[in-house]
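Next up is one chain by itself, shown in structure tokens, the form predicted alone.
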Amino acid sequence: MRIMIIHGPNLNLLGEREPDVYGNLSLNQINEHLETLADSLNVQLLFFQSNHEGAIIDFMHQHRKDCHGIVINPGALTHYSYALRDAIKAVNLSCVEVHLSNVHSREPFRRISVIRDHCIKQISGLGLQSYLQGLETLVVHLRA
């Protein structure tokens, strides 16, 4: 089983950017933790990060037939990207939306997710555990 792990805009700055909100782990460290979990779940991961909406959509389209699901932290695209919403629907893969911070306790605009309806679950506010639970949730769902 192969899973896309997609990190959206500004996540390349994790560890530097607002550590009080997003934590001290870098994106590479998060990916390393995901790889460790993936090994124990016997799944392969395909990582991608971009600050560009179209690049994320192109990546999803490109890998829709060689992957079984998606764990995505769309960053700010969560709140307004109908193009990303349509892409998730179009690739027809199970998807889990994750966020490091608790989007429901932050600014009102962050509580809106235009992609949530096309995801099997949204997990937020758990830091690294949001990603790890997202991957585990997706694998359990796909194996059911």
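Note that residue numbering begins at 1 and tracks the sequence as displayed. Bear in mind the structure is a predicted one, so any value in this text is a computation, not a measurement.
One more form of this protein, predicted together with a small molecule, exists but is not displayed; see below.
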{"property": "Listed residue (119, 43, 60, 103) with a non-hydrogen atom within 4.5 angstroms of the small molecule in the model of the complex", "result": "103"}
{"property": "Stretch in contact in the model of the complex with the small molecule, which is absent here, among 105 to 113, 63 to 71, 81 to 89, 45 to 53 (heavy atoms within 4.5 Å)", "result": "105 to 113"}
{"property": "Close approach of residue 37 to the small molecule in the model of the complex, 4.5 Å, heavy atom", "result": "no"}
{"property": "In the model of the complex, residue 11 touching the small molecule (heavy atom, 4.5 Å)", "result": "yes"}
{"property": "Residue 76: touches the small molecule in the model of the complex, heavy atom cutoff 4.5 angstroms", "result": "yes"}
